[in-house]
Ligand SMILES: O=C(O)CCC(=O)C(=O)O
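Below you'll find only one chain, the form predicted on its own, shown as structure tokens.
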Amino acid sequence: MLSEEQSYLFDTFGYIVVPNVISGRQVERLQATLKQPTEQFAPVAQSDNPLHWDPVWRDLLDLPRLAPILEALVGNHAFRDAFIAAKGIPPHPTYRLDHINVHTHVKNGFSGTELHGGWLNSGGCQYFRYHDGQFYNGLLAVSFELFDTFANDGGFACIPGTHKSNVTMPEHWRDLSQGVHESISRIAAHAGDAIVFTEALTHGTLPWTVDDPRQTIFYKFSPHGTTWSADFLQPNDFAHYEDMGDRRMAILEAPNARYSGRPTQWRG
């Protein structure tokens, strides 16, 4: 599911850049149908969720190049293996969509954000572990870039390796508007690329120094039994869309252990 190189890089740095996850046509459609920024503070109404804006936003739920990576990084390995052993076929995705953020506010003059992330003070939902050949992550972010982002212009930044850190970051590094410490890496990406990172990684947004726009879409995924956001999606709100098959509906389930006979909000 992950190449040898991707596994090494994610384990070492806490992120990978996956090129060409979405096509040029999809990028253009996302740009054309983007309606408003979204955050969890305060959240948009469920009826205004980006998954309602256009089919292309629902396509991002289950992309062919991305789905195996998500399964490897945030999926339930034991559940998947047991399901295959019992039924001879893989289950629906063993992870869920936690929430979506759409960022449109980064323009020339944007001063940068504070570094954040890490397992401390996260309530246990932002973690990283590697054990017995498998990755285990809590909240996992996929950052879809809609414009080319060059490292010296601004955009996504992180301190590689901090997903394994046991020592608190020096506080004077935190505010990126006050300066960018040399240990902070600037991550470049092209339109259509995805930056996949664990929220256990210390990360933030750099000051934006060019006139070119930056629009970034974050789809945040979590193990199927946990959540970060309190604003759960309601699967039945999307059941009327013809493009919402069983795999996509499974990704929208509220957090639960997926045990046999469990009650769900969606009846497919």
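In this text, residue numbers run from 1 along the sequence as written. These figures come from a predicted structure and were not determined experimentally.
The form predicted together with the ligand is left out here; the points below concern that form.
Inset, instruction - Look at the stretches 204-212, 46-54, 65-73, 232-240 and give the one with heavy atoms within 4.5 Å of the ligand in the predicted bound form. - result: Comparing against the ligand in the predicted bound form, the contact stretch is 204-212.
Legend entry - residue 58: touches the ligand in the predicted bound form, heavy atom cutoff 4.5 angstroms: Looking in the predicted bound form, residue contacts with the ligand do not include residue 58, since no heavy atom lies within 4.5 Å.
Inset, instruction - Find out whether any non-hydrogen atom of residue 155 is located within 4.5 angstroms of the ligand in the predicted bound form, and reply yes or no. - result: Yes, residue 155 lies within 4.5 Å of the ligand in the predicted bound form.
Inset, instruction - Report whether the minimum heavy atom distance between residue 224 and the ligand in the predicted bound form is within 4.5 Å. - result: No, no contact at 4.5 Å.
Inset, instruction - Could you confirm whether residue 181 comes within 4.5 Å of the ligand in the predicted bound form, counting heavy atoms only? - result: Flag for residue 181 set to no.
Inset, instruction - Could you check which residue among 116, 190, 164, 107 gets a heavy atom within 4.5 Å of the ligand in the predicted bound form? - result: That would be 116.
Legend entry - Contacts with the ligand in the predicted bound form - residues in 176-199 whose heavy atoms fall within 4.5 Å: Stretch hits, in order: 197, 199.
Legend entry - Inter-Cα distance between residue 154 and residue 177 in the predicted bound form, nearer or further [3 Å or more]: They are farther apart; the C-alpha distance rises by 3 Å or more in the predicted bound form.
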